[in-house]
Ligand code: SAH
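As a starting point, one isolated chain is supplied in C-alpha cells, in the form predicted alone.
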Amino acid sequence: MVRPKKFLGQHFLNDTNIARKIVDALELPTGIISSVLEIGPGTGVLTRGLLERKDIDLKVIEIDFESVAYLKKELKGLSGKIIEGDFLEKDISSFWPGPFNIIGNFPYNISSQIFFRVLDNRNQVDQVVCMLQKEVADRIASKHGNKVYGILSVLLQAFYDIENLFKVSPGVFNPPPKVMSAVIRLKRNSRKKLDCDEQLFQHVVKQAFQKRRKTLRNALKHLNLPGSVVVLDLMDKRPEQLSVEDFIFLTRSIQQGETVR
C-alpha cells in the first residue's frame, strides 16, 4: 500500500461515496469523448470512478513513484495513461493538442500554484473540479464585498465561473488533515481576453490586496497613478469592494491615463 508523504502534502481520500460525488461533478458535453487530466491520483480512489465513465479520455499525472507503481499494478485500465512527474513543471500543451479538463484532490501546499498554471493555460483548460482546503475554496469562489475575497478570486473569476459545491470532513482522509476541505468547480466563461493589459491587471490586483486594509488610493500610491485615475470614486474603496469588472476598468483607466500624460 502507498504511504502518505507529508512533504508531498498527501491526504488520501478513502470514502468512495465522496469520490463518486467528485467524479459526478465533472460536467462534460454529451455525445463526445472529453479529455480529462487527474492531478495526483494517489491510490486511485477518484481514478476508478473516472475509468468507469465512457465519456472520458483519461490521463493522470503523479509525482510520487510509490503511487505510480501502485497504480500500474492495481489499475490496468491506466496502461499508457500515466504521466510521471510534477504538474507544475510539465508542458501542459503536451498532454493533449486541444482543450481538456482537470480533476483532482489537490495537495493543500500547492493548490494556489496549480491555479496559476490553469490561468496561464486557460485557453486549453475548460473545466476544473477539485478538492482543496475549505478556506482556499471559499476564497476562490467568494464574490466581491466578502472579507475573504482576494487575489485568486479576482484573477480566476475573470476567466472562470466558479461554484462552491460541498464540504468534506477530515475523517474521510488518511491521514486526516487538521482543516475542513471543500469541492469546487470552475468552468471557462466566454471571455476571450481582458479589455485591458493583462500583466498590468495582475499587477494592480496583487498590489491592491497586499495592503487590503487600505483604500486603493493608498494601496496603489507607489504606482504613481495618473491624475485622471486618482480622482476616480473607486479609489476610495478597499480592494475587496471591487468586482472583476471594476479592476478591469481601473487597469484600463491607468493605461489610458498614462498615454495622455
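Fair warning: this is a prediction, and the values are worked out from it, not measured in the lab. One-based numbering along the sequence shown.
From this point on, the text means the form predicted together with the ligand, which you will not see here.
The stretch among 42-50, 223-231, 188-196, 209-217 whose residues place heavy atoms within 4.5 Å of the ligand in the predicted complex is 42-50. Across the proposed site, S35, I92 and Q124 without exception lack any heavy atom within 4.5 Å of the ligand in the predicted complex. In the predicted complex, no heavy atom of G145 sits within 4.5 Å of the ligand. Interface residue remark: I18 is not counted as part of the site for the ligand in the predicted complex, having no heavy atom within 4.5 Å. Although the partner is absent from this view, I110 contacts the ligand in the predicted complex, with a non-hydrogen atom inside 4.5 angstroms.
Although the partner is absent here, S181 lies well away from the ligand in the predicted complex, with no heavy atom inside 4.5 Å. Note on contacts: among Y160, F115, F87, F100, the single residue with a heavy atom within 4.5 Å of the ligand in the predicted complex is F87.
None of L13, I248, A25, L242 but one reaches within 4.5 angstroms of the ligand in the predicted complex through a heavy atom, and that residue is L13.
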